[in-house]
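Coming up is one lone chain in structure tokens, specifically the form predicted on its own.
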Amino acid sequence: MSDTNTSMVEKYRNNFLKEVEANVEEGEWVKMCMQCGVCSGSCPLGPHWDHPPQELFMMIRAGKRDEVLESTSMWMCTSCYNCIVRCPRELPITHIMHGLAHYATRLGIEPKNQPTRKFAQLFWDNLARNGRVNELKLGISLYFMNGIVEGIKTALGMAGIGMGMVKTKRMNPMEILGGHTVKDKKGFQAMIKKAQELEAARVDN
């Protein structure tokens, strides 16, 4: 267990609900869940979750800290917002799922090989570089995120679609050299750095 994780446990004296309320976006809504299960039934990936949202909320209230934060469940959220639209109490479930994933990452206990976590990190790294997503580079990164052999197989399988996109000018191969950037790249990167400093300060406190 990391020093940060240990200090969090000590700080909240194993009251995981209070910890979630203090550190997870919209976490104060967890206690409002009435366990109807509409969120799980509305989720397109519902059958693939090891713990559906309402079960995660119940586990949080039961103090099952490790089981929740080490779960892959919140990493399954695709931000479709079906759960929020259909929740009888209008809980911000999508925001809580992403908040739990972010908090687990801050503590260093997130699942290491979860595909959606890999995609989220690749997307962020791509965006943070120039302030705009370079779709070509992002696509190539996704092809190769599980290794060189798997990447080559995927690239060859998508070669026909890629050539079609080039011919119809839906993809520019020159994007690999850099791509578009925001007008004030230095200002954008300064903003990101400041946000990271604020986040680090929050964790320390």
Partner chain sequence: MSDEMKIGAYICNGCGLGERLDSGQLETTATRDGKAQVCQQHDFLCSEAGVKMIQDDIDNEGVNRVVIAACSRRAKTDAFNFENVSIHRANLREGVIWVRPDTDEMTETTQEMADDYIRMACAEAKFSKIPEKSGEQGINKNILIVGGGVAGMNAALEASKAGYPCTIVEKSAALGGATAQLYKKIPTKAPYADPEDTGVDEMIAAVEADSNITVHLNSTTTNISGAPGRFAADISAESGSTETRDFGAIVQASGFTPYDANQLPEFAYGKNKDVVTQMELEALAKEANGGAIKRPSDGKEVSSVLFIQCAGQRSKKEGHLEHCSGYCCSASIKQAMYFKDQNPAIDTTVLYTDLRTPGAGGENFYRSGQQKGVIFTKGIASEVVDGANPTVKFKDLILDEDNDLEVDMVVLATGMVPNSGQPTRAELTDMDSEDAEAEKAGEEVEIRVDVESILNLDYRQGKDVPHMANGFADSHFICFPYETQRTGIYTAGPTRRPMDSYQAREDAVGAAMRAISEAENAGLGRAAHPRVGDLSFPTFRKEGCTQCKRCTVECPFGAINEDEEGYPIYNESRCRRCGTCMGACPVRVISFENYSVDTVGQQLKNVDIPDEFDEKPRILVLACENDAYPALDMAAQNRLEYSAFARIIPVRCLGSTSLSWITDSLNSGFDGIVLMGCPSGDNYQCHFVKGSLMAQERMSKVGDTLETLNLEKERVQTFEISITDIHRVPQIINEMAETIEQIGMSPFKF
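Keep in mind it's a predicted model, so treat the numbers as computed, not measured. Residue numbers count along the first chain shown, from 1.
Separately, the form predicted together with the partner chain exists; it is not shown, and the next lines address it.
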Touches the partner chain in the predicted complex: Met58 (any heavy atom, 4.5 Å): yes
Exercise: Cys33 in contact with the partner chain in the predicted complex, heavy atom 4.5 Å: yes
Contact label in the predicted complex: Lys137 to the partner chain, heavy atom within 4.5 Å: no
Contact test in the predicted complex: Ser141 vs the partner chain, heavy atoms, 4.5 Å: no
Full three-residue contact with the partner chain in the predicted complex, heavy atom 4.5 Å, for Leu17, Gln54 and Lys64: yes
